[in-house]
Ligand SMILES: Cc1ncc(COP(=O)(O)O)c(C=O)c1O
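Take a look at this single chain, the form predicted alone, given in structure tokens.
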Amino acid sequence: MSERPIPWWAPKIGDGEYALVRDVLASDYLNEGEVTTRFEREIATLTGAKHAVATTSGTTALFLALAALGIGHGDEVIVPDLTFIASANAVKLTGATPVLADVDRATLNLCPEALERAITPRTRAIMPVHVSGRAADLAAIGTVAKAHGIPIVEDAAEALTSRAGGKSLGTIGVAGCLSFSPNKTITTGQGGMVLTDDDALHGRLRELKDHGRPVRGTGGDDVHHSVGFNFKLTNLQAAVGLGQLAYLRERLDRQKRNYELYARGLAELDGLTLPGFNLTGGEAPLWTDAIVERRDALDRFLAARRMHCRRFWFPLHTQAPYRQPDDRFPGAMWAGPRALWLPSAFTLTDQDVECVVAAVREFLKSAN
């Protein structure tokens, strides 16, 4: 048993965030303003995106990206069956229909062959999700998308700074969306960002997030070019995000180290595999996920030793709002009940991870 609890995840706030938030409070301007603009610029520079538009959450980022493309009632957007339900809910928020496609059992990401089968004349976007920071097969997905003339909107909520083909995930499709919820490498409490290189799309995003205004207004005699909403990220939240960026490299290095220790310690074991990451290709692990034959039993075994995991999402087609027959999604039905995230917090030490590795090996040995 571990001497102290080993968390699956543990957010952390430092002195820098407190100082930046105090500055915002002292300014008496708490709404979205120049601090938010600075945060957007920092994220754009970090990811290599031309534009970054801050929003209230990763979910609203996805909604805005789709809505900015003109997607709405009568349209369809393809979403992988194994993802957090926010991916599908964002599609519903536009009035469009999320069409679920099966996942690859080895990577847990959208299966390109299933994607091809899911396309209909009403398909208006494809939304690959980069699970745990592992890139979906964007080369194959891109080939399918190009053949049908369908834009890609990347759900990169778990993939800040992760790269594929020399580009940051979230900057490869026409738009990509980030999340800054508490279980991400950096957090603003709730918050998100849309990345795009498309100038026209950028302008539409600005309008949609702020009541149809293309630029920040006064609340008085502003010109509203279209219907819009209120999805602004406040200076208070952006200040927290700016403070968090100071620790980004250290945290990314720790998350990578966690995965490397797991990959080395859990190699070639019966009953467990790691989907893994292409570290040399630039992928940045957010969490280390594993596929385990007796997942629930392992989860209970580790929890009894104060080592905490998180089980994977239920496949979306098994959830009440999106219910469909199981036989349409063999990959998700196989992987979902077997997948979990091992303790992955950037607060872990080598010793913590080695304790988890020893416990996992003990469990697998006793099961054989």
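Keep in mind that what you see is a predicted model, and the values were worked out from it rather than measured. Position 1 is the first residue in the sequence shown; the rest follow in order.
There is another form of the same protein, the form predicted together with the named molecule; it is not shown, and what comes next is about it.
* To do: Check, residue by residue, if Thr187, Thr234 and Ala239 all come within 4.5 Å of the named molecule in the predicted complex, counting heavy atoms only.
  => No, the whole trio is out of contact, none within 4.5 Å by any heavy atom.
* Contact of Val129 with the named molecule in the predicted complex (heavy atom, 4.5 Å) -> Yes, contact at 4.5 Å.
* Exercise: Val53 in contact with the named molecule in the predicted complex, heavy atom 4.5 Å -> No - in the predicted complex, heavy atoms of Val53 and the named molecule never come within 4.5 Å of each other.
* Asked: Does the 4.5 Å heavy atom contact test between Ala145 and the named molecule in the predicted complex come out positive?
  -> No, Ala145 stays farther than 4.5 Å from the named molecule in the predicted complex.
* Heavy atom of Pro315 within 4.5 Å of the named molecule in the predicted complex -> Looking in the predicted complex, residue contacts with the named molecule do not include Pro315, since no heavy atom lies within 4.5 Å.
* the named molecule: the contacting residue among Gln255, Ser179, Asn109, Ser168 in the predicted complex [heavy atom, 4.5 Å] -> When the named molecule is considered in the predicted complex, the option within 4.5 Å is Ser179.
* **Heavy atom within 4.5 Å of the named molecule in the predicted complex - residue from Leu208, Val292, Val103, Ala86** => Looking at the other structure, the residue within range turns out to be Ala86.
* Asked: Among 222-230, 91-99, 151-159, 267-275, which stretch has residues with heavy atoms no more than 4.5 Å from the named molecule in the predicted complex?
  -> Careful reading of the contacts points to 151-159.
* To do: Output the sequence-ordered list of residues from 56-72 with at least one heavy atom within 4.5 Å of the named molecule in the predicted complex.
  => Result: Ser57, Gly58, Thr59, Leu62.
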